[in-house]
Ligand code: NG6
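Before any questions on binding or motion, here is one chain by itself as structure tokens, the form predicted on its own.
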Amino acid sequence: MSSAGALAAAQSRPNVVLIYADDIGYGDLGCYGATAVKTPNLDRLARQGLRFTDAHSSSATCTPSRYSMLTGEYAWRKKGTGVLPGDARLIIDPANLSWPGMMKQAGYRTGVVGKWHLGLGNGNLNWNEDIKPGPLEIGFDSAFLMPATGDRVPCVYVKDRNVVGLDPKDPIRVDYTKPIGDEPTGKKNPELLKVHPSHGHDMAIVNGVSRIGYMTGGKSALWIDEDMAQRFVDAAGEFIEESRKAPFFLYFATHDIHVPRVPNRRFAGKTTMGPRGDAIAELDWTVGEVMKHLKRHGLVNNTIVMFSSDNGPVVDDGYKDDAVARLGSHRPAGKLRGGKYSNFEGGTRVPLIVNWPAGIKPGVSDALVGQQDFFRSFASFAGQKLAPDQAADSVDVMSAILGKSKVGRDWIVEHSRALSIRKGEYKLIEANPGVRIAANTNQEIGSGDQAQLYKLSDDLGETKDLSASMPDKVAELSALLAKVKQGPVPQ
């Protein structure tokens, strides 16, 4: 299709907004059963749209999930796609077609706002000059982002290819191997902190919070954690305003509810669960604000709004914020076992809400879908043909996403410390000897000297290992997983 033809076709299509939360668990939202925290905006989005009960991020940690979603390729196939430091090089190859690149080819204006954590530059990045390659080189028309995570330096925003508000006379230096000069650190100067680390996170101090990594300079560009949600909402509003006259695709990746959890004071004390609960409230407000921007321009009916999370929940992930002490009866993963970093379902089974008033009937879907499927699904929706080697691990499940079919994938691979494979009602976790409980987070990993087998239709909490009594099923799923490891397997 010619570029003019693609643009004409896109003008009749809905906008697409993906709101991608960080560390939100299957049980953290009211529409998924939470009662200790109120999420009215997300509950409304779910009530008026389609809520999925068996949707998955491709990994139980952030960077690989984001990589898989934007490339349609399982991150575990490529070295260097684990959780990245803040000074990592870009891990998505600009030479390969990405999800935003495909949407751009289909005539959409594309933008990314929020958490990136996929690396920037080609290595040894100079933060004081043009920052590339990055989002613009893989298919986004505009970008306003934090380079990595809130707990990693550099603690600055990047707009397109430059640090926002940087004074050239105060250049930024970043180092992940050793301290820079005699700058204070969380380890040496705890008296300077307003949020204290529980493990790690004791290096550079920015805004009274010590981080992972060291940095100096860039004082005029440093972010204020309490204002981050508002900055991202404002950037999303600007993108919607600038793009409203033509179809657009917005990837809006929140910082909430990742650590450090330092929500704006308007949300402090909004819940009984301390900063983690208050960050959920702030996240819900963020969703409401994005919807207000769409409503202001009359775009709600013709916009597909999707909400999901990069992995399952974690309670103590590095800071003393009373998240464990004030959890109460709240179960971040709901009825699932495990969470972030875990091989169990709580690691990758996450909320997925899809709302499109003009095209999706409200309801609940049990279809098995993965975020890596968004690429090929929206390619199909936008009339774009992909080569077999493009988005090779992605499956077209658009009929399920739109609620036209109750059937999604036939099987899916889940990734954490080990690989698991889901097919039908059974799940196999491959053998992965090691510690059962992570020392720092107290998170259940799902390790085992032998493969584990669970029948999720009867045992959603994965409490009964059936591997000894069902060797044929273990052999069947092990063979399929081995085949997938060798390369993409169509379905």
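Everything numeric in this text was worked out from a predicted model, so none of it was measured. Throughout, we count residues from 1 along the sequence that is shown.
This protein has a second form, the form predicted in complex with this ligand, left out of what is shown; the following refers to that one.
The putative spot formed by D22, T61 and D310 is fully lined by this ligand in the predicted bound form; each residue has a non-hydrogen atom within 4.5 angstroms of it. Note on contacts: among H415, H330, R376, H258, the single residue with a heavy atom within 4.5 Å of this ligand in the predicted bound form is H258.
T149 is the sole member of S420, N355, T286, T149 with a non-hydrogen atom within 4.5 Å of this ligand in the predicted bound form.
Using a 4.5 angstroms limit between non-hydrogen atoms, I212 touches this ligand in the predicted bound form.
Heavy atoms of R349 never reach within 4.5 Å of this ligand in the predicted bound form, leaving it off the interface. Looking at I180, you'd find every heavy atom of it more than 4.5 angstroms from this ligand in the predicted bound form. For H199, a non-hydrogen atom is located within 4.5 Å of this ligand in the predicted bound form, even though that partner is not displayed. Looking at 220-228, 199-207, 170-178, 240-248, the stretch with residues near this ligand in the predicted bound form, meaning non-hydrogen atoms within 4.5 angstroms, turns out to be 199-207. Within 4.5 angstroms of this ligand in the predicted bound form, the stretch 337-360 places a non-hydrogen atom from each of K340, Y341, taken in sequence order.
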